[in-house]
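Okay, here we've got a single chain as structure tokens, the form predicted alone, with questions on binding and movement later.
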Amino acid sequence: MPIGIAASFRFAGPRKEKKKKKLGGARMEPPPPPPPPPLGTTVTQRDQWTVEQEVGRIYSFFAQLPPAAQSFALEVQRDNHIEYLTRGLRGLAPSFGSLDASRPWICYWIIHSLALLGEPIDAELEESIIDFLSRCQDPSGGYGGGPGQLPHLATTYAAVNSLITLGGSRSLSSINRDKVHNFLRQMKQPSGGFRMHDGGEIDVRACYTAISVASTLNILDDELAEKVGDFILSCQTYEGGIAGEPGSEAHGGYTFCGLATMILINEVDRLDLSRLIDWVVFRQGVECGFQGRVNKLVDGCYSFWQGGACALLQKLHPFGLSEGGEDESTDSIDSSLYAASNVSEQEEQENNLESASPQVDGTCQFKQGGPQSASCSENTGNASYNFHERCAEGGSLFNSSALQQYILLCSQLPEGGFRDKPGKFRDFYHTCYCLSGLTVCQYSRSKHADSPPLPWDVVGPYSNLLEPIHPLHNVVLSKYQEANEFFAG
């Protein structure tokens, strides 16, 4: 069965492997295989040890490269990413048939990634995408995973975000807001939560997708928001993070969804933010990336889910800095992971827009400031817009430079696309959320919504700078603003 985003969607054939690129005159050769793990370790310990060894070798190899090659290694390979993404938008391999019910998600992952890279979509392809998503819109409201499929909150979120990212009257007016609102009301449960679809699961992800869609379409009302805060509060665990449902384990994706939802309904002050902060910041590990749960492996997608949660919290809490202006460390990281971290702040400022951007320092975990009130005062209808206008006060909750290093050196593939971690394959999901995490990092210290980052906040050349996003919805900011004006009437 064809799974393309348009009637003309065609499957791509096998592709020739590209030659390896030279990095500043030095050829990037794959590191040797890791030595065997120590005896007597558990499967979890062995997997963690293997990942640390692999990431450590990548960082050590990077440290041995000449400066020109280091600059290239830290560069966002825009042209190759754009080629990979555009090719996927036009045609996919038969193996994608298993994602037949997720076609709006494939649209969103690719369209949002291209928007972050500042790459427009040609008019003919844009029309095909709008037509396809219109055929995914159920007559009773909401969007399914494909034409004729059951409407689902997750694919409704993906479709709406895709259409907002495309922008323009044709795209935005294709969304039947009245019927979407009716669908959201049907999914609303007495507990305050939402079902993902008719007869489906009730969880925090459903709450976020419903409330985010309602907010961006300007249809969020008291009926939809009623008791949502109660449900999410019941999902915050003793650790501080937020689970998918009451009694489950705290998870990075659900934590972002729960936190963002509570901000959108102006009830974020009900959460135990101090414990939530503790849980989130300690998910950034020695690899410099984030894990999704305790005792799980690093994964590039959590650059957004966990890094984005930190960015939201920074707008709610001012955090203390040490006298030197850097985040205070509570733990030291193996120096082999940071052999390249020898550029001083003065050198960074002198380089400015040159190739050597801020290198990573030797820490990945932080000490928070004291607990403070984070109550919202805006009305629900304006919460999303007003939140983005807030100034970020104080220091950063996470090591932004270290996370950018992980994304660029461990998740990015020179031939285009991003992956979970070394040893994994690239995919559109990880490309979307690694790029989303990268822009979160780049703008994490910006004091105002319209302020560009300083050069030393962007790892690699300043040309790495991506488009800013609205942190609650993960859509490019200019596209959110256009939709906010369009749906204001």
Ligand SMILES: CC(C)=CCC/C(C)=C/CC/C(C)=C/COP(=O)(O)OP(=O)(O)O
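Quick caveat: nothing in here was measured; it's all calculated off a predicted structure. In case it trips you up, residue 1 is the first one in the sequence shown, and so on.
This protein has a second form, the form predicted in complex with the named molecule, left out of what is shown; the following refers to that one.
Contact with the named molecule in the model of the complex, defined as any heavy atom within 4.5 Å, is confined among 308-316, 84-92, 294-302, 122-130 to 294-302. The named molecule in the model of the complex comes within 4.5 Å of no heavy atom belonging to residue 229. Although the partner is absent from this view, residue 197 stays clear of the named molecule in the model of the complex, with no non-hydrogen atom inside 4.5 angstroms. Under a 4.5 angstroms non-hydrogen atom cutoff, the named molecule in the model of the complex lacks residue 188 among its neighbouring residues. With a 4.5 Å cutoff on heavy atoms, residue 181 does not count as touching the named molecule in the model of the complex; it lies far away.
This chain is drawn without the named molecule; in the model of the complex, the residue among 456, 59, 443, 429 with a heavy atom within 4.5 Å of it is 429. Proximity to the named molecule in the model of the complex, taken as a non-hydrogen atom within 4.5 angstroms, holds for one residue of 253, 167, 193, 240, which is 253.
Residue 157 is the only member of 152-169 with a non-hydrogen atom no more than 4.5 angstroms from the named molecule in the model of the complex.
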